[in-house]
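A single chain, nothing else alongside it, follows as structure tokens in the form predicted alone.
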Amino acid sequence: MARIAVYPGSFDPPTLGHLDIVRRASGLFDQLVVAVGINRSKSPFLTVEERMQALACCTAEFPNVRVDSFSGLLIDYAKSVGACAVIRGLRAIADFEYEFQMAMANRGLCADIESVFLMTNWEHGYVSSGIVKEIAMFGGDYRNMVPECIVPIIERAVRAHRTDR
């Protein structure tokens, strides 16, 4: 039986920190599903389709990784794909506090699915999707924070957001 893990997130946009977690988690499981969470109450920088396209291009080198999207409870989605684990990346103590709460809630909903925490490599510890968006929207150079293949996707989004205003 294949060991499947889900790595959920907004990935708005994906960063090198996300890719670091994908690389390491894909080595721990037979299959890794990188799942874009759809939250209709938020106004994202990238559309779900753009985030999935970005993730597909930067995870293409990993044969056991697939990209998907979901809405609703993460634990329900994880069960639907037959996952035995949920992967969460941690950068700092503040991440841990939130992720610990979510892991306990998920365990209460389904004790059969483990939460696996991976610390991002130190060089990506300061990078977040929010920082990338902020730098991009103000014309700064964010390219050392994201996989190269998604730079055009971010550039299109910046142009679209600037014309929305």
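Start at 1 and count along the sequence shown; that's the residue number. Source: prediction; values computed, not measured.
This next part talks about the form predicted together with a small molecule, which is not shown.
K.L.:
Is G9 close enough to touch the small molecule in the model of the complex, meaning at least one heavy atom pair within 4.5 Å?
P.N.:
Although the small molecule is absent here, G9 would touch it in the model of the complex, with heavy atoms inside 4.5 Å.
K.L.:
Taking heavy atoms and a 4.5 Å cut-off, does N106 contact the small molecule in the model of the complex?
P.N.:
Although the small molecule is absent here, N106 would touch it in the model of the complex, with heavy atoms inside 4.5 Å.
K.L.:
Evaluate P44 for contact with the small molecule in the model of the complex, applying a 4.5 angstroms cut-off between non-hydrogen atoms, and reply yes or no.
P.N.:
Result no; P44 lies far from the small molecule in the model of the complex.
K.L.:
Should L90 be counted as a contact of the small molecule in the model of the complex, where contact means heavy atoms within 4.5 Å?
P.N.:
Flag for L90 set to no.
K.L.:
Answer with one of C110, L28, M102, A60: the residue that has a non-hydrogen atom within 4.5 Å of the small molecule in the model of the complex.
P.N.:
Looking at C110, L28, M102, A60 one by one, just M102 meets the 4.5 Å heavy-atom criterion.
K.L.:
At 4.5 Å between heavy atoms, only one of the stretches 61-69, 135-143, 115-123, 94-102 reaches the small molecule in the model of the complex; which one is it?
P.N.:
Checking each option against the 4.5 Å cut-off leaves 94-102.
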